[in-house]
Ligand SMILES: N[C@@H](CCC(=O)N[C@@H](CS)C(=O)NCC(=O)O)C(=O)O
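Below you will find one chain, with nothing else, as structure tokens; this is the form predicted on its own, and questions on how it binds or moves follow later.
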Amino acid sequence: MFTIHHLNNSRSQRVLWLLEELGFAYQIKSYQRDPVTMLAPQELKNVHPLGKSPVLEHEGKVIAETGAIFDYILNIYGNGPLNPDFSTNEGLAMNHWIHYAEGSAMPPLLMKLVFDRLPEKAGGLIRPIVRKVRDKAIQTFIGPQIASHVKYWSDALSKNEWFAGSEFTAADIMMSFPLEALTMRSPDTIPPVIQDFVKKIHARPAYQAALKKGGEYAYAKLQEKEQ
């Protein structure tokens, strides 16, 4: 039995979704963010020293980091529709997108989130200065970086229905978080091909099943706008 240490409104929702797609049995240990700091509770440090989610427990093993968890679960699952053989173009593409999602796609999105919040954390006297620094950083570096990634996603989804090719794979589950995050924060600037991708993943029965079990997940509210 897989045990998922799951934090509300977090990337661990993807692990639940992967397990639902594969039909694997699992149990959830749920944790709630601090309502003020939005950080994970101290209890998660009893599971893993970094106190982050997701964390997977299975047969005495404790595995952190979403990409590593995906690798572990897919290795148990073996080759199949969600996990094409590594020797194929689809398998190579899937492996790329799984690790790209956290390694390259998320850092600029996280930077923008942090910089957007800087002025509200600054004192009244220096807030205008902090705001100018934020605007300059977003305009000259963070914004162009995000635009480059969005074009990369759009180009990939314009060539194929899914990220690794013509079939849905684990890569699409992994890539869901950065695309959902950007779509929710900047809905008016998202290319139609990315909006269509988000609508398709939200319609999947396994996605819906994972939502029911995982609890609060802000990015699922996108579905209300889609209907």
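Start at 1 with the first residue shown and count on from there. Everything quoted here is computed from the prediction, not taken from an experiment.
The same protein has a further form, the form predicted in complex with the ligand, not shown here; the description that follows concerns it.
Should residue 51 be counted as a contact of the ligand in the model of the complex, where contact means heavy atoms within 4.5 Å?
Taking the distances in the model of the complex, the answer for residue 51 is yes, it comes within 4.5 Å of the ligand.
**Q.** 4.5 Å heavy atom contact, residue 66 to the ligand in the model of the complex
**A.** Flag for residue 66 set to yes.
>> Taking any heavy atom pair closer than or equal to 4.5 Å as contact, tell me whether residue 102 reaches the ligand in the model of the complex.
In response: Although the ligand is absent here, residue 102 would touch it in the model of the complex, with heavy atoms inside 4.5 Å.
Any chance residue 213 has a heavy atom within 4.5 Å of the ligand in the model of the complex? Judged by the heavy-atom cut-off of 4.5 Å, residue 213 is well away from the ligand in the model of the complex.
Exactly one residue in 62, 39, 184, 193 has a non-hydrogen atom within 4.5 Å of the ligand in the model of the complex; which is it? Among 62, 39, 184, 193, a heavy atom within 4.5 Å of the ligand in the model of the complex occurs only for 39.
Q.
Looking at 195-203, 163-171, 53-61, 23-31, which stretch has residues with any non-hydrogen atom within 4.5 Å of the ligand in the model of the complex?
A. This holds for exactly one stretch, 53-61.
- Taking the ligand in the model of the complex, which residues of 4-21 have any heavy atom within 4.5 Å of it? Going through 4-21 in order - heavy atoms within 4.5 Å of the ligand in the model of the complex - the hits are 7, 10, 11, 14.
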